[in-house]
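Shown below, as C-alpha cells, is a lone chain in the form predicted alone; questions about how it binds or moves come after it.
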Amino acid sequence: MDLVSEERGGDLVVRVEEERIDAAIAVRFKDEMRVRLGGPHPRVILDLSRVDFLDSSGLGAVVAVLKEVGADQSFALAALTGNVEKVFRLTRMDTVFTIFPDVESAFGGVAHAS
C-alpha cells in the first residue's frame, strides 16, 4: 500500500499511489490511514487521483476511514477519477462525503456538486 502524505497549512493531504483499492489492499489502506488520522491535523484530504478502480471492499475501507476521523478533524475526498466517482454516485456515498474536483479546490473551498 503506497500512500504519500503532504502537510499544507496545517492540514494533511494523503495521495493514494495505487491504481486500485480493492479487497487485496483494503485492510492495509485502513490501517495506514488510521495512523495518519492520529496526527494533529484539523483536516485530512484524501487524493484519489491515481485510483482508477474501487470495489465494495475499497469503498468500505474509505467509509471506515471516515468513521475513524476524530471529533476535532474533518475528512474530504479529492480528484476522483471517472470510475471511482461513479461508484460513489451509484452507492449515494457522494451525499455522505465532501468531494472536491481536485486538491486545489479543497483548499479553495469549492465542493463538488452531488
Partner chain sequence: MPHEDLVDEARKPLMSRDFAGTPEGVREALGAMRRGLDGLEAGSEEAFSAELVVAEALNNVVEHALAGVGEPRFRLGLSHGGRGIYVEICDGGRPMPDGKPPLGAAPVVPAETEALPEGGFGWFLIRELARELTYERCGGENRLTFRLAICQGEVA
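All figures in this text were calculated on a predicted structure; none of them were measured in a lab. Positions refer to the first chain, counted from 1.
Here the subject shifts to the form predicted in complex with the partner chain, a form of this protein not shown in this document.
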Honest question, do L54, L59 and L90 all end up within 4.5 Å of the partner chain in the model of the complex by heavy atom distance?
-> yes
Any non-hydrogen atom of R36 within 4.5 angstroms of the partner chain in the model of the complex | no
Partner proximity in the model of the complex: V27 to the partner chain, non-hydrogen atom cutoff 4.5 Å = no
Is L66 close enough to touch the partner chain in the model of the complex, meaning at least one heavy atom pair within 4.5 Å?
-> yes
Touches the partner chain in the model of the complex: K86 (any heavy atom, 4.5 Å) = yes
